[in-house]
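Form predicted alone, single chain, as structure tokens, below.
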């Protein structure tokens, strides 16, 4: 009804990890306005451009609204409309047939960046079906920091912006653009306005560098060398927290001996940061108490992510900034259902031994399959064949390293089902496409399982289109068809009640509260020690020999060796207007960033005869793409900063929307992987550039 006007409180989602509390104005069954909620726990009224634009995707004319079945060759862009019963029945028949012939492990379940409770319903679905293979992008997102933290200090050290810090170090974190994993920039900006100092460690001069006292412009892929240089200075100058080190660290003398070689002069040659800047940065961090490191996703984008993360945790530890207010803390969950119980881990006790990545020796506790190993299982049947895939909240054609390999993987799979809200290059390669409900159209819980110590209420604001189902409902109904139905519910809302059960709250009561936060307890190690084998922060890993891990963080070279044929260093970052490969179909955002831009220093552009707005060919050893030149001094003359996640929804579906043309992952490779997480090099790749010639501007 047009007269039904109301404001609804909820939290943002699916335009990022979410976290901003929103006030949503609804007229009838239509959202007419979104604004930040001044009472928001994380954002205090802030909301980004993506959040403001988010309602537009609900009413977009190209939104998926009905289940579809492939009607031609895979990827040909021909579809026929089918019913939900037909779609779920066909998926169930195909997966059951694969399971019968090859075993449950031959069906993989894929997910992109976690966006809500559906991520864990997917894991539950895989577990109950009997497949150990949940394929996720966690090898390059979140897991290296979380799992390395668990091995080093017993927890995932998250940045605490809720308490005053004297110094905030943004290490590869462009927080005003990404608000990564709920670390909303407004909390930090408030601290800065109250006197907190900023240090920026980033290859690009991000906007916050203008407000920082220190900006260290390092060479992409050398973060661990810089952190080891910091450790060298802090130890050599006795700037470390002696009491904490003596009482609560294991292997300090080993670290002392190890970092002697990482002098500022040596590290400067590797990182391009001057020795004086290295010394000054290290001193400032060590002397500023408490100091917090907000580490961004880019540190997980090369084969050395384990060493990078280890070095940074060692830095936090020896300076006494672990688990103190305003430092990097162990966030405690509220009283909610444990993840293992929710996903029914008890039903698949051999998962650790049977999942694809177990055969490749990944680090213990890393429980999703890296995409590179999934594709190897499909294409080479190593360590065993994988024939089917169910994917949601994901666009692997764009997000996995070496996109050509992903294309070949989809061509070879016997059966693919994808749930999404728009037809993407990945959905275009499926056999069945399911239309999902999205943000504002379903009840959900945010931030479950992310290790930040809180969960957020995301109540439904409006009804979805008739045939668009929440992912949780899709998997609940599919689960009844491919696994014992007693593990599933009549109504997907039971999942929400399950999570909240230990709190004593119903979902409706939770919505009234808005969020649940765990207890604030700092320095818990003083009572119980650290949850490591030694009970201390393991600067030297006591389990290194057992697991085949390096005992100390080290620098063994660049992610890729320098090659004179590719003299420039390629990197990328997330756009403030998009979420990875999503939302380029929204006019309001596309107008802000209409093209895939490659940032080039003016001196470098002049050397190659490139002007602003020219089409530029970017080439690595692995491929070539086209992007539009943007000249800026914010990047180093030796660095090329390309846009990530680009495809073109306005183009022909028969070409999967020109997925090759400007796709950053045409330039990456899955051939060289980090041992611990199966991580490929997504940054610090040798490249060369040239201005596109006649006829090359639109070629793919």
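As the structure is a computational prediction, the values presented were derived from the model and not from experiment. Numbering follows the first chain given and starts at 1.
One more form of this protein exists, namely the form predicted together with a small molecule; it is left out here, but the text below deals with it.
The closest non-hydrogen atom of residue 178 lies within 4.5 Å of the small molecule in the predicted bound form.
Heavy atoms of residue 375 never reach within 4.5 Å of the small molecule in the predicted bound form, leaving it off the interface.
Although the partner is absent here, residue 541 sits far enough away that none of its heavy atoms falls within 4.5 Å of the small molecule in the predicted bound form. Using a 4.5 angstroms limit between non-hydrogen atoms, residue 575 touches the small molecule in the predicted bound form. With the small molecule omitted here, the record of contacts in the predicted bound form names 576-584 of 576-584, 254-262, 505-513, 533-541, defined by a heavy atom within 4.5 Å. For the candidate spot formed by 142, 206 and 438, every residue has a non-hydrogen atom within 4.5 angstroms of the small molecule in the predicted bound form.
This chain lacks the partner; the member of 393, 589, 499, 117 within 4.5 angstroms of the small molecule in the predicted bound form by a non-hydrogen atom is 393.
Proximity to the small molecule in the predicted bound form, defined as a heavy atom within 4.5 Å, singles out one entry of 445, 153, 319, 421, which is 421.
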